[in-house]
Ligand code: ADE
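Encoded as structure tokens, the following chain is the form predicted on its own, with no partner shown.
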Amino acid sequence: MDYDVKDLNLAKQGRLRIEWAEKNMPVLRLIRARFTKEKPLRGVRVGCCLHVTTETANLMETLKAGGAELRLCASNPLSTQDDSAAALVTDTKIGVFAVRGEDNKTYYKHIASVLANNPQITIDDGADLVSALHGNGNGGAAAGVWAGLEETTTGVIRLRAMAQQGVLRFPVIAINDSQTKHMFDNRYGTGQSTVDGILRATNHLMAGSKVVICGYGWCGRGVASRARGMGAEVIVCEVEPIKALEALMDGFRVMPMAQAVREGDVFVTLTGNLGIIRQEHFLKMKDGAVIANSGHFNVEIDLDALDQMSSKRRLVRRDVEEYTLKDGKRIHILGEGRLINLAAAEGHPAMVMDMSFANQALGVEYIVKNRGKLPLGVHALPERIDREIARLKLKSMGVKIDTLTSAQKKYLAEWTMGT
């Protein structure tokens, strides 16, 4: 079995942490129990590019229980938990190619190692597998893929651009479009884990601070809500008028970045776009400003420009790099501008990833059952799967809800019924 992980001696520690996460992933456990009996994925080659965490380990073990042949690499150089990677290799016998802190050359080498197994289904977090399959002469490998799954907003954006340009060569299911994914993972998972990462890196007091949220999508909403809950004054910067209006009516101050940079103490980018905080913004920031990114790629903060503007650069805490500008002002970048919730913390809590990875597991099964039937393009999982995941999650939490009576169902279905 091929693999490339930091140290297999970390496997015992990783196993304990994987088991801890599993306790909080009851929906995935139910799916795993069924997969173990039915083996719906028997012999299917699945290539995965995901954050290699304890939660991802539980997804991998669920897919393997269903009979899948798996290879896994990291979707971010700083998101790998080396002990989880070791446990997957040692205990679960999965080919894992991920080392925390790997350089770009190693990162793409690991992607190539996953693709070397000629996956029939891809699972991405950021669309790097799909991108690799569509470039560098990989056309033949792309032709062998039945369909793919995409976990995150940034990846879905990339895939829709590919589909619009007519270059996407196989269908992809946007897991991020499932309500049981983005309404919970993006909002509550990103909200909590981003603040967690900032606090672990800096020990900053949020109460009384001015926190600037760049982007008010589901992730931005989550971080804004959590920061306000801790006593911060939250400012939102947006380019979409509807989202800006929503932020305003949610009780946040809304203003252009050029104005916000003069006020903010902590900045968080969550847009999925590049160059959100640039040279002209660094120049106007307060001395000691803290900048973190919770968008997928490390392009939201113009670190090259900041480096060129700086006279000195040093690591002042484990995940805090201090840039001193030529006028003496200091700017602090967290986690190298990469995903702060994984660079400085542990990522989303298992309780919320339970639903996201339930979508992934059932998505793989859906592709297998519908092989050859999905047209090219980017698709959502059927609503019935979304609702079933929500039902199972409620059941696992001991929550019961009402059901419609026959009279209510008839009323909703009949347009002729009046008062």
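Small disclaimer: the values here were computed from a predicted structure and weren't measured. One rule holds for the numbers: they count along the sequence shown, beginning at 1.
Below: the form predicted together with adenine (ADE), not depicted.
Participant: Check M353 for me: does it contact adenine (ADE) in the predicted bound form (non-hydrogen atoms, 4.5 angstroms)?
Facilitator: So M353 counts as contacting adenine (ADE).
Participant: Examine F35 and determine whether its closest non-hydrogen atom to adenine (ADE) in the predicted bound form is within 4.5 angstroms.
Facilitator: Answer no; every heavy atom of F35 is more than 4.5 Å from adenine (ADE) in the predicted bound form.
Participant: Under a 4.5 Å heavy atom criterion, is E102 part of the interface with adenine (ADE) in the predicted bound form?
Facilitator: Close contact is absent here: in the predicted bound form, E102 is far from adenine (ADE), nothing within 4.5 Å, heavy atoms only.
Participant: Can you work out whether D82 and adenine (ADE) are in contact in the predicted bound form, taking contact to mean some heavy atom pair no more than 4.5 Å apart?
Facilitator: Output for D82 is no: heavy atoms all beyond 4.5 Å of adenine (ADE).
Participant: To test your reading of this chain, name the stretch in 359-367, 49-57, 36-44, 379-387 whose heavy atoms come within 4.5 Å of adenine (ADE) in the predicted bound form.
Facilitator: It is 49-57 that comes within 4.5 Å of the partner.
Participant: Can you pick the one in D128, E233, E346, D302 that has a heavy atom within 4.5 Å of adenine (ADE) in the predicted bound form?
Facilitator: Filtering the options by heavy-atom distance leaves E346.
Participant: State the residue from L342, I173, L270, C73 whose non-hydrogen atoms include one within 4.5 Å of adenine (ADE) in the predicted bound form.
Facilitator: Answer to the contact question: L342.
Participant: Could you pull out the residues of 104-119 that have any heavy atom within 4.5 Å of adenine (ADE) in the predicted bound form?
Facilitator: The stretch 104-119, when checked against adenine (ADE) in the predicted bound form, contributes no residue at the 4.5 Å heavy-atom cut-off.
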